[in-house]
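In the block that follows, a single chain appears as structure tokens, in the form predicted on its own.
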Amino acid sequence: MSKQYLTTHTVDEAHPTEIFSVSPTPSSLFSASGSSALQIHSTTKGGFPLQQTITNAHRLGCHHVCTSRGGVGNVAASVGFGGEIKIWARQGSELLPQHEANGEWELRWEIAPTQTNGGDVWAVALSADESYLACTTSDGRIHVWDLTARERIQSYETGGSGTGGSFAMAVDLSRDGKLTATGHESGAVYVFNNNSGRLAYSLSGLAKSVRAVAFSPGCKRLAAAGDAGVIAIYDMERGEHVSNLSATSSRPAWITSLDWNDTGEYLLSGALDGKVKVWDVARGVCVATHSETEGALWSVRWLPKNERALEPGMGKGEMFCAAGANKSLTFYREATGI
């Protein structure tokens, strides 16, 4: 059985260059591009108006921005093409999840390239409680930072002793904070135990570069995908490859982005062919496909379910956003949500 999603709104020319990353909070959406500014749009108001522009956030442009899945939405992190990581917080918050803030976003801390042991930083992820940040590097290292203490608390090596590993292209932190998962240019997928500081699983199933990894909300499953055009699903209790989600095409497009919905029933994927798909994980089938653009889609994200009153026309069903080479933000809502 298919699901219907309607295009709710498109913010045309949201950035002057292609958009590489989007990430939501409960009431807004961050977007990052090859330009120096970060944009923040409201997700509770009709037309998704621009709330704030953080000018000169990254002088050479920004390739990743992240917020916490399931968090209160007071902390964000971004990575520039210069290798710097910047931590942003809402005015009035002190990086503590119990303190909701209502002000604009401001820079709280910067992690310089010299603090990450060599390799250029690529992907980043925040924990659900907004206290920890994981980042990957071009030489295969993974670092975990305590944002409150402003110190690195774990570093993982994926190469041999004293040697660099394969480019770590993707990272995610489980919502319970226990696991860090990474996807690599070599096709490897690693899962680390943050409590012990050791490798928990080295996962098989993908032979080509992995561009996206994502833990399910209950931390029972991990999804990974990339240049093979297949989404591999792994069981996190045993570290087993349990299923694949794949299109019927004989030459599937590279998958660039993955995101689970709040219940863990559906998985969202974006690909290099401009198509965004919704997958029913239990049945292993695609239930919705939208040909968003002829250019690449670099980032797709579900919007968190919101308890706040939405403006008329916003709907009550699930919503997601897709962005990429066309420089626009396109928002979709479930057709049954009125």
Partner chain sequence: MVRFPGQTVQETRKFEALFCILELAHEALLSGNLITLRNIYYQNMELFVSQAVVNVMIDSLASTLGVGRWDLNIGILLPSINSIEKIDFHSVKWVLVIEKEATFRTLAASQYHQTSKAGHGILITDANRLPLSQGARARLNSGSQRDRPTKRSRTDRGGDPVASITNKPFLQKAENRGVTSLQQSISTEYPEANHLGHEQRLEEELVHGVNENAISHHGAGDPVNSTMTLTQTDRKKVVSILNEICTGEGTVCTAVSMEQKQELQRMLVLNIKAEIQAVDHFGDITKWLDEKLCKW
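If you're wondering where the values come from, they're calculated on a predicted model, not measured in any experiment. Residue numbers count along the first chain shown, from 1.
Quick note: we don't show the form predicted together with its partner chain, though the next part is all about it.
Residue heavy atoms within 4.5 Å of its partner chain in the predicted complex occur in exactly one stretch of 175 to 183, 192 to 200, 251 to 259, 234 to 242, and that stretch is 251 to 259.
In the predicted complex, every residue of the candidate spot (E18, R59 and D139) has a heavy atom lying within 4.5 Å of its partner chain.
Interface residue remark: R211 is counted as part of the site for its partner chain in the predicted complex, having a heavy atom within 4.5 Å.
Though the partner is left out of this view, D120 does reach within 4.5 Å of its partner chain in the predicted complex, counting heavy atoms only.
Taking the partner from the other structure, its partner chain in the predicted complex has a heavy atom within 4.5 Å of a heavy atom of M169. In the predicted complex, its partner chain lies farther than 4.5 Å from every heavy atom of I40.
In summary, among the residues W279, W298, F48, W302, the only one with a non-hydrogen atom within 4.5 Å of its partner chain in the predicted complex is W298.
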